Every structure is written in structure tokens, then in C-alpha cells.
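Starting off, we have a lone chain in the form predicted on its own, written out as C-alpha cells.
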């Protein structure tokens, strides 16, 4: 008998960045795309409880219930593959069989906040993610931080990444060798609303795929060793009106933040310690958020301060229209163990709470030697367990997430803590590095 290999069939993978910040879903024949856009692919509630390490440790959903994952063709992207033609990836929403948004869908969590922001205040969010990672395809050469030498040693990798991004309608901004060994950072141009988070998800998958083409790996894990410099995911954001005009900048206002936008930023700062449970949501995240690591440890607002949790970014010249377009604020308490939908959604919901309550922008001390404690600035939580307790104790968070998602998320992340409880710090970092 002769073995005969069948012809390769074209498939599409529909997925979402889940509570672990990993893209999970199902593949189906590309010929069935029209039907899948209408009816989705089958899913169950416990799929969202798949841990970062694989097993479902706990689930409030058990074996009961059916859902569907519905592709959003605006996110359709060709991901490079090592042994086959490009793989079609499309992101989607988890919906009920009645086609309603499921309460625990991360993408819908972000969408709810964005819709409320526009409906209640006539505002839209413009955002972009800066993402740091360690690329194993370059030598670990001392003294090459920010250097042309390290960039050159990456060969065709940066150019290939940029080419795939452009094919995916994602506009690259910069690619640079970062501070830590083998570390790089990639940035893309800002996008409005949901698409900013979609782009962040796709950028990670494109970078990983291009690294694999070079027989290497891109590790987005928060830290690779407890004492090392971490990989952050910094979120730049600004506000626009319904005509897509920037409304965040006012040269006469404190920090340059307009009166219209100040309550939004104040809401982020008000809830920042609790938000950490959603934006830096792993045990390893808190090895990065330590003093003297160029990472935040206070819930502070800083002007042009890369140690601040929320940084007011500089302008580089131009007229008033250019300033209104370019002015933005950077949220620095995030990493790639967070789903971009959950991280950006957390900022939107917190900012929305600030707008609803018309919170005043705090006047935090600035500059080297600033005494944050004396000024009443709160420290960020020192562990994931502490961050989760803060989230659980924040009444507003129940309104943002809803009872079902809040309970599931707390259960999910507390089980993750238990899963690594017996490991040393070094082993914990290695465990996360294997995944992210």
C-alpha cells in the first residue's frame, strides 16, 4: 500500500486574547468563512479559564453551557509560518447562542467602556501600545544597549516584522534595541478604540512568527530573571471628540492636560493600584515593578518621567493643531501577561469613572528626590495577591467588569498564584518565560 499525502487545505484560525493574555480559539476551513462569520465556532465558558500554563485549575462554569466565537473580518491577518503558507488569523468576540455579547468576553469588556465613553461624554480614545521583548536571535553582547551593533545583528528580522505589519494594515513607528540583554521594543502608530488593542494582539503574534522564521524566539514575559530588567507594555492614549479632533491638550493647564481630559486621567490615577490586577496580572509582573528597574512603584503622575506610573509625554514642536493631535499620556504599569483588551479596557473604565465623578487632577510632586509618600501618593501593590485584593475591594470595579467576570477573573488569577506557589523566584520567572 502506498501512503498518499492529501493536498494542503487552507484554514483560518479565529481567536481572542483571553484572560491569560494568550490567543486561543479554533481553526476552520477557509471555505467556510461566510458561514463562520454568521454563526461563529463553538466554545464553552470554561475555555476562558484556561490558565497561562495550560490546565483549567478552577472554573465557575464547569462543563455546562455553549457559546460561540465570532470572527471580526476587520482583523484578518496573514501570519508568517515556518513550514506552510501564511496562516490566516482573525480575532473575534465571544457571544451567546442568542448573539449577545458574553459577560466574560475580554473584547466586549473594552467595547462596553468605549461605547459608554462616547455615549456619555462624546469622547473617543486614540491609543498605541509600546511592546518590549527579548529576541534570542542576537548574541548576548555586553555594552550593546540602544546600539546600532545590536540592531544590525538582528539581520532581516526587524524589516520582516515591519513588512508583515504593513501588509496587515498596521503602521510601524519604531523598532529599537532596548536596555536589557537582547531586548528590543516595537511601536506602531495609534489607532482609535478597539482597533488599538487588536493591533497590540496582532503585533505580538507577528513578532513571534517572524522570530520563528529566524529559528529564534521573541519572549514578551515581564522578566526573565527576578533581578533582571523587565519587558513592559506601555499604553499611550489621548482623547478625541466625535469629529476625531484631539481634545486632550491645553498649554495653559497643569501638565498640559485640558480641563475636559483631566477627570479621565484623574480616574486612572484614582484606581491605579487596583487596575494593576488587570494590567500587570501575573506573579512575574511584580518582579518588574520594583525600585531602580525603570518601572513604576508609585501610583503617580509624572511629566516626562519614565519612572512614573502615568507619564505626560513631550511635544516635539508644531502648530496648535499638531500639538492637539500628538499630545498623549503614557500608562506604564502593564506587560504582556495582560490581554490588551483587559488592560486598555481597565484604563477606559477607570477614566470614565473619573469623568462621571468629575475628579480633580492631583498635583503630584515632580523631579528627582520627590517625596511621594509625604504627598499622599500611594504605592503600587507589591504582589499579584495584593493587587487582586485591591480590585475585589473596589466597588466601581464590579460595575466595570460585572459580577460574573469579576468573580471569574479573581478565581482565575488566584489559581495562577497557587500554581507557582511552590516555585522559587527563578523558577517562577522561567515558567512564565516559557509561555510568554
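Residue numbers count along the first chain shown, from 1. Bear in mind the structure is a predicted one, so any value in this text is a computation, not a measurement.
Omitted from view is the form predicted together with a small molecule, to which the following refers.
Is there a heavy atom of residue 195 no more than 4.5 Å from a heavy atom of the small molecule in the predicted complex? Residue 195: no, not in contact with the small molecule in the predicted complex.
Indicate whether residue 276 is a 4.5 Å heavy atom neighbour of the small molecule in the predicted complex. Contact with the small molecule, no.
I'd like to know if residue 231 sits close to the small molecule in the predicted complex, meaning any non-hydrogen atom pair within 4.5 angstroms. Answer yes; at least one heavy atom of residue 231 falls within 4.5 Å of the small molecule in the predicted complex.
For residue 191, is any heavy atom within 4.5 Å of the small molecule in the predicted complex, or not? Outside the cut-off, so no.
Sort through 267-275, 204-212, 178-186, 342-350 and report the only stretch with a non-hydrogen atom within 4.5 Å of the small molecule in the predicted complex. Correct option: 178-186.
Just to be sure I understand the contacts: of 261, 105, 200, 295, which is the one whose heavy atoms reach within 4.5 angstroms of the small molecule in the predicted complex? Of 261, 105, 200, 295, the residue with a heavy atom within 4.5 Å of the small molecule in the predicted complex is 295.
Using heavy atoms only and a 4.5 Å cut-off, determine which of 132, 250, 93, 88 is in contact with the small molecule in the predicted complex. When the small molecule is considered in the predicted complex, the option within 4.5 Å is 132.
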